[in-house]
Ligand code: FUB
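Given next, in structure tokens, is a single chain: the form predicted on its own.
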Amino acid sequence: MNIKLFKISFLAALAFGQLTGVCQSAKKDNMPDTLARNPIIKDKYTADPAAFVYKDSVYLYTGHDAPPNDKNYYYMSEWLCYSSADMVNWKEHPSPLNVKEFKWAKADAWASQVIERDGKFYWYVAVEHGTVNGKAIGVAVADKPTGPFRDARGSALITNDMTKQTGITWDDIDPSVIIDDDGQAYLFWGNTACYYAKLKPNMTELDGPIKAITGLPNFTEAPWIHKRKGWYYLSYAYQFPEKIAYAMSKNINGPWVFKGIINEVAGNSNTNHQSIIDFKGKSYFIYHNGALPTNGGSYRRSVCIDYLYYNADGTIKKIQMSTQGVKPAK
């Protein structure tokens, strides 16, 4: 055998063996995972994530950024739905809801949230009203989490003439809903001002007056309400470009105590919109950025997921945004 060829073959084999050993060692030593899972959806622009756990899966609902290539504005006409049993592998379902389903609305499939009650699934959405000037909140209903969803009322649940804290026409956006331990449901929403109100058991009507929340510094939009171990958490978009901050309370009616910022400006997106859930023993922070290399940015956003951790006193640790994202939940 040619000596030079032998040396080359020997060195190549040695290198391969060393590389294999490194790979095996990495598995044994649990070296950092370098897979780039964020953004989690790479074939579409997705924004304003809202997730909830139902049975053994997570259902993720997003807006769909789809402006023309030469335009920069929020063009969104439908919502998207994905599901996963492990937070990593996501199945796309046919779009279960379009703004056209609301005959009283004329545009803008903006931020939303879905919740289940008594075997029905209720989807609260922000749209542009057709006759009442400004944004409005509608509610759709379905028999399964993947839809199809239909308008549950035939009219808006919230219109701009019902809220008077600000003079703007877009303060009725970004609905977030929770059903408390006693069965009472609440709807939170707002831009510049943060509002909330009780919902009747049918989930399609208000059950009392609309109230405004005070004591949320630099509240911009995107309230998200969740509860854990007796604490209520109200997270929201802070300033602009948006970070995510949060407040805590022992009572859903407040007072709310501001706790600080948990997520910095996300990539090259001016907006930041969060969803917080627990699934299979871990907590997750779901948000969007503008990271897709195709043409990502403030008007072409992408959903990402990272872990969320709590301190012993219930406060939230600052989110570590990553390209790796999360590992499969077991």
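Computed from a predicted model, the values in this text were never measured in an experiment. We number the residues from 1 along the sequence you see.
Although not depicted, the form predicted in complex with beta-L-arabinofuranose is the subject of the following passage.
**Student:** Though beta-L-arabinofuranose is not shown, can you say which of Trp231, Phe258, Tyr74, Trp90 has a heavy atom within 4.5 Å of it in the model of the complex?
**Tutor:** By the 4.5 Å heavy-atom cutoff, the listed residue in contact is Tyr74.
**Student:** Decide whether Ile173 counts as a contact residue for beta-L-arabinofuranose in the model of the complex under a heavy atom distance cut-off of 4.5 Å.
**Tutor:** Heavy-atom contact with beta-L-arabinofuranose at 4.5 Å: present for Ile173.
**Student:** At the 4.5 Å heavy atom threshold, is Trp110 in contact with beta-L-arabinofuranose in the model of the complex?
**Tutor:** Trp110: yes, in contact with beta-L-arabinofuranose in the model of the complex.
**Student:** Would you check, heavy atoms only and a 4.5 Å threshold, whether Thr271 touches beta-L-arabinofuranose in the model of the complex?
**Tutor:** Yes, contact at 4.5 Å.
**Student:** Does Ala222 make contact with beta-L-arabinofuranose in the model of the complex, using a 4.5 Å heavy atom cut-off?
**Tutor:** Taking the distances in the model of the complex, the answer for Ala222 is yes, it comes within 4.5 Å of beta-L-arabinofuranose.
**Student:** So which of 82-90, 147-155, 214-222, 161-169 is the stretch with heavy atoms within 4.5 Å of beta-L-arabinofuranose in the model of the complex?
**Tutor:** Looking at the other structure, the answer is 214-222.
**Student:** Under the 4.5 Å heavy atom criterion, name the residues of 289-306 that approach beta-L-arabinofuranose in the model of the complex, in sequence order.
**Tutor:** Heavy-atom contacts within 4.5 Å come from Arg301 alone.
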